[in-house]
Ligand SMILES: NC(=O)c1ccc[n+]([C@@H]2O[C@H](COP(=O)([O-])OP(=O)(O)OC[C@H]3O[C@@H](n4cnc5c(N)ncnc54)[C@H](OP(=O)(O)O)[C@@H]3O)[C@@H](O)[C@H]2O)c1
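Just one chain follows, in the form predicted on its own, and it is written as structure tokens.
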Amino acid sequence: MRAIVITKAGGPGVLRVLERPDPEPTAGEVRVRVELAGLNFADVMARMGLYPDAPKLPCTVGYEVSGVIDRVGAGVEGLAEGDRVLALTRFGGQASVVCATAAQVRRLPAKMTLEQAAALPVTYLTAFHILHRVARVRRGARVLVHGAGGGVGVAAVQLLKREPEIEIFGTASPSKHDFLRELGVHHPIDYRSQDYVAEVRRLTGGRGVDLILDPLGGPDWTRGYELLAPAGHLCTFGFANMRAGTTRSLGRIVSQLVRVPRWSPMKLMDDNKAVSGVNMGHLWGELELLGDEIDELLRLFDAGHISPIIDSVFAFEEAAAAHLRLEERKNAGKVLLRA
């Protein structure tokens, strides 16, 4: 098989496409001939040496794939060779062949393309889990989505549009604002030239928002907390601010870590606010929870309520360019890798 390998921590140039032996499925697994693999910001952070959960380098990362089953392990029921599927893979997904636990593999709806299938698992699971299990968004809520033009941001906006009377605020560069308005964002905010806190306060008459989806981290967590309305909820799901440029910077890491806020239960109680965190990679053993959520997402897709938006597709040999597009925040929707 061919695999994208992070040979060492560094910029996009450390990525190589290398030959590796094909894996064999063990009991309870299926093997998938991968057509497409999703690229996520966690993969970029792993390449930079900033993702603590990543395997020891050199390694192949990747959380999600689409393709066709070509071998079935012992004890697997309900899946067969030739099935078009999507699969959740805790690393190893960015390869032309991958084995996955059958419980984390799903046959595709007839009208779902392999591109849409590879774009759905991580970003839509993250958004769905935040909105419907952690925060339980309600009618009439005002919601701020940071990075609204990215993978999780697009998924969150599509899911929010299904809820009644939701007012959506989204930070993004100006080039994405028309895209966001078409998607359903009521208030696109240019985080580069505007103070998003001041702009949200202006738009809400000083009240703030009920929910914030924040993958930024560091001082933005403090700013977001202060922006919450009474009974508001800040949900954190990343630490993108830890990076600057394409390589790891110790000074940047330290400067962000020392600005991480500390909230005590007393403060949360006195302020009537909530703070929660989501790391889908740390839910990997929760097969029933993840399975229920992915099944609901597939039902929503089949009913026409959500539809993954593909920004771009890069060949494995173009992985460096794919990483660069993601980390420079040029994508509007999902970036995929074609095996």
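Source: prediction; values computed, not measured. For every residue, the number given is its place in the sequence shown, counted from 1.
Keep in mind that the form predicted together with the named molecule is missing from the display, and what follows is about it.
Looking at A172, you'd find a heavy atom of it within 4.5 angstroms of the named molecule in the predicted bound form. The named molecule in the predicted bound form is not approached by T60, whose heavy atoms all lie more than 4.5 angstroms from it. Heavy atoms of L297 never reach within 4.5 Å of the named molecule in the predicted bound form, leaving it off the interface. Not displayed here, the named molecule is approached by K176 to within 4.5 Å at the level of heavy atoms in the predicted bound form.
Taking a 4.5 Å heavy atom cutoff to the named molecule in the predicted bound form, the contact residue among G232, G224, G147, P188 is G147.
With the partner omitted from this view, the residue of F128, F237, F91, Y196 that lies near the named molecule in the predicted bound form is F237 [heavy atom within 4.5 Å].
In summary, the region of this chain contacting the named molecule in the predicted bound form, judged by heavy atoms within 4.5 Å and restricted to 210-218, 131-139, 73-81, 94-102, corresponds to 210-218. Along 321-339, residues L326, R329, N331, G333 each place a heavy atom within 4.5 Å of the named molecule in the predicted bound form.
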